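Below you'll find only one chain, the form predicted alone, shown as structure tokens.
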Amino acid sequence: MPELPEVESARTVIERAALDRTIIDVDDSDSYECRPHPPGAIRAALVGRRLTVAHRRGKSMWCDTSALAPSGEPGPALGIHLGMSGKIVIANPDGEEIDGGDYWERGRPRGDYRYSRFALSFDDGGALMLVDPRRLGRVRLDPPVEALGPDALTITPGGFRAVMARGTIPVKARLLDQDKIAGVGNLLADQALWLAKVSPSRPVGELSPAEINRLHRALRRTLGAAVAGGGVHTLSIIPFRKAGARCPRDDAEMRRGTVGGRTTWWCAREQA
């Protein structure tokens, strides 16, 4: 599943290249990708409107849409979930293509849209597509984002302390709980815990105020690096999440286990 940096990349693509373009057609024929809406329902709701603002909270992304005359009522929100392989691609009539990920780096030439599962066509001849080879994404109107916790990229120190202040759940499991903090995935959590020198299995209620503050700073640093680098695959701990690897900081053994139901790697010495 994409983590916050990949979704933020997709959001910025929409913000940069798809807003304020009038929608004249919608391909919502993939009934699995567009569930629970039947084919044609998203089209009926969006034709004639424009995407006006692109939002993201954690791993969730949605766009506001414009009103239709004469009612003046704002349109529905368009939620786009990337899934494990989905990418946002903007194809312009002049041949320019803008994408928010590594889809083109997987050996598929530009202009190959065989895996487009959902598309908006604009009146200027351009299009926005969700290109999703594994068909694990999802598009829906008015997605339920209210239950998500505060965004991991913007959560305040006080808000982070409140989330981490008490309980017996392992700290990594708490980081992965999207109802508490939205946007942290498995790799981001491992990197932040490694930077903060905190064991992923420590109960949150046992963390000292200093450790919580250090973990918050590490999480912000991790997210900033991943967004700037283009995704979680650029994180510095990634090459050391494998059997036989040594911690790049102190040369201790990197250990593997399961925490919060996810495969987890940590330094045997500094995160003991």
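All residue numbers are counted from 1 along the displayed sequence. What you see is a predicted model, and the numbers here were worked out from it, not measured in a lab. Heads up, when I say rigid core I mean the largest set of C-alphas that superpose within 1.5 Å between the two forms.
This next part talks about the form predicted in complex with the DNA, which is not shown.
Just one stretch in 71-79, 191-199, 109-117, 91-99 has heavy atoms within 4.5 Å of the DNA in the predicted bound form, so which one is it?
This holds for exactly one stretch, 109-117.
In the predicted bound form, does R11 have a heavy atom within 4.5 Å of the DNA?
No, R11 is distant from the partner.
Although the partner isn't part of this model, could you tell me whether G159 comes within 4.5 Å of the DNA in the predicted bound form, counting any heavy atom of the residue?
No, G159 is distant from the partner.
Taking any heavy atom pair closer than or equal to 4.5 Å as contact, tell me whether Q178 reaches the DNA in the predicted bound form.
Yes - in the predicted bound form, heavy atoms of Q178 and the DNA come within 4.5 Å of each other.
Evaluate T154 for contact with the DNA in the predicted bound form, applying a 4.5 angstroms cut-off between non-hydrogen atoms, and reply yes or no.
Contact check for T154: no, nothing within 4.5 Å of the DNA in the predicted bound form.
Consider the chain as shown here, without its partner, and state which of V232, C63, V26, I237 has a heavy atom within 4.5 Å of the DNA in the predicted bound form.
It is V232.
Which residue among R43, H37, R217, R241 has a heavy atom within 4.5 angstroms of the DNA in the predicted bound form?
Flagged contact: R241.
If you apply a 4.5 angstroms heavy atom cut-off, which residues in 252-272 are near the DNA in the predicted bound form?
If the 4.5 Å heavy-atom criterion is applied to the DNA in the predicted bound form, 252-272 yields R256, R262, T263.
Does L148 shift between this form and the one not shown by 2 angstroms or more at the C-alpha, the core having been superposed?
Shift of 2 Å or more: no.
After fitting the rigid core, is the C-alpha of R135 off by 2 Å or more between this form and the one not shown?
Yes, the C-alpha moves 2 Å or more.
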